[in-house]
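Taking the form predicted on its own, here's one chain by itself in structure tokens.
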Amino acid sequence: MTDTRQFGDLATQLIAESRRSTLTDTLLKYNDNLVRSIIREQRDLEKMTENSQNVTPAMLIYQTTIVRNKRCLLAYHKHRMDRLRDMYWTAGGALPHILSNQDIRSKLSPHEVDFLRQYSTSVMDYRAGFTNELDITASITHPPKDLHVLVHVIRDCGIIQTELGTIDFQKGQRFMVRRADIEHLIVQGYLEEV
């Protein structure tokens, strides 16, 4: 039995993978083998089209497949970049928190790690201009009602410098602190609002 496939089948598999990722609301492992196979198919199709002088129906099919494969590759990578940006903002702009998670890190390609680092650098550069007035990485889904918040320490996070001094957050302790000083620790999962 021979394995036959049509041009563009690999790109369809890539789009199906993106759809599966969206439906399950997870980030699947970067499919490097499939992406490379599509790029090889692209090169083969481009060689077939550049050697021909006349326009034939087969040539139109090759051209259409080339364009479709490119669109599928771009859609796959755009989908992954959107998922990475969403993860970044969900973690409150805490890049080390994302990259230290081995489950997430194993699903990323080296280029995606570079993208996250560059994205974080861009956000921090933008944020530096008005960090005293506004924290753009803070969650806005539930606006704070009070300036101070009672928190329970879930994981040790060491000594944190606040406007009023230093606080040593050790697991199991409770503190009443200014929300602005520890908002990032709540988002990262070190502290829990009581």
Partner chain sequence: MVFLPPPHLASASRPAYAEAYANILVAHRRSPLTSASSVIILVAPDVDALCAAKILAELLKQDDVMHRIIPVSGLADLERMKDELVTYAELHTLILLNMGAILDLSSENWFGEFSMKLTVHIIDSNRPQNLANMFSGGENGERFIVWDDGEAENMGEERKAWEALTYEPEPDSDEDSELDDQDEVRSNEDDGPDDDEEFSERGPSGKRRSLGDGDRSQEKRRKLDDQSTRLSREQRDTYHELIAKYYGSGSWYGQSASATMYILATVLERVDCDFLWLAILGLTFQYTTARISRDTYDKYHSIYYDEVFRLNPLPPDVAANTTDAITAMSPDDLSVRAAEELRFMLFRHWTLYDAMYHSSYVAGKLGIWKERGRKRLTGLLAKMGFSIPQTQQPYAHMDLDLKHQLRAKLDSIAPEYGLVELTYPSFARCFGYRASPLSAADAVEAVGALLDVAGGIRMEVEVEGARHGGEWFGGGRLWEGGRNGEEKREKRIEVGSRQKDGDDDADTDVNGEERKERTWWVKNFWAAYDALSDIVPLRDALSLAMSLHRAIIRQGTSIIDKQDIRTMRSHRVVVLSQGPDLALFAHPGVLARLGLWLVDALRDRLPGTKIGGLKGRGKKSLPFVVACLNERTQTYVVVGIMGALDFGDVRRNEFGLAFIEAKQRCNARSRHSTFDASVLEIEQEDLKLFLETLCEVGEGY
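For the two forms, the rigid core is made up of the largest set of C-alpha atoms that agree within 1.5 Å on superposition. Just so we're clear, the structure is a prediction, and the values are computed from it rather than from any experiment. Positions refer to the first chain, counted from 1.
Another form exists, predicted in complex with the partner chain; not displayed. Remarks below refer to it.
Looking at 122 to 130, 146 to 154, 32 to 40, 46 to 54, which lies within 4.5 angstroms of the partner chain in the model of the complex, counting heavy atoms? In the other structure, the partner sits against 146 to 154.
Can you tell me whether Ser109 touches the partner chain? I mean in the model of the complex, with a 4.5 angstroms heavy atom cut-off. No, Ser109 sits far enough from the partner chain in the model of the complex that none of its heavy atoms falls within 4.5 Å.
Leu164, heavy atom within 4.5 angstroms of the partner chain in the model of the complex: Leu164: yes, in contact with the partner chain in the model of the complex.
4.5 Å heavy atom contact, Met81 to the partner chain in the model of the complex: Answer no; every heavy atom of Met81 is more than 4.5 Å from the partner chain in the model of the complex.
In the model of the complex, is there a heavy atom of the partner chain that lies within 4.5 Å of any heavy atom of Met176, even though the partner is absent here? Met176: contacts the partner chain in the model of the complex.
Since the partner is left out here, which residues of 9 to 48 would have a heavy atom within 4.5 Å of the partner chain in the model of the complex? Those in contact are Asp25, Thr26, Leu27.
On a core-based superposition, does Ala180 travel 2 Å or more at its Cα between the shown form and the other one? Yes, the C-alpha moves 2 Å or more.
C-alpha of Asn51: shift of 2 angstroms or more between the shown form and the other one, rigid core aligned? Shift of 2 Å or more: no.
Determine whether the C-alpha of Thr12 shifts by 2 Å or more between the shown form and the other one once the rigid core is superposed. False for Thr12: its C-alpha shift is below 2 Å.
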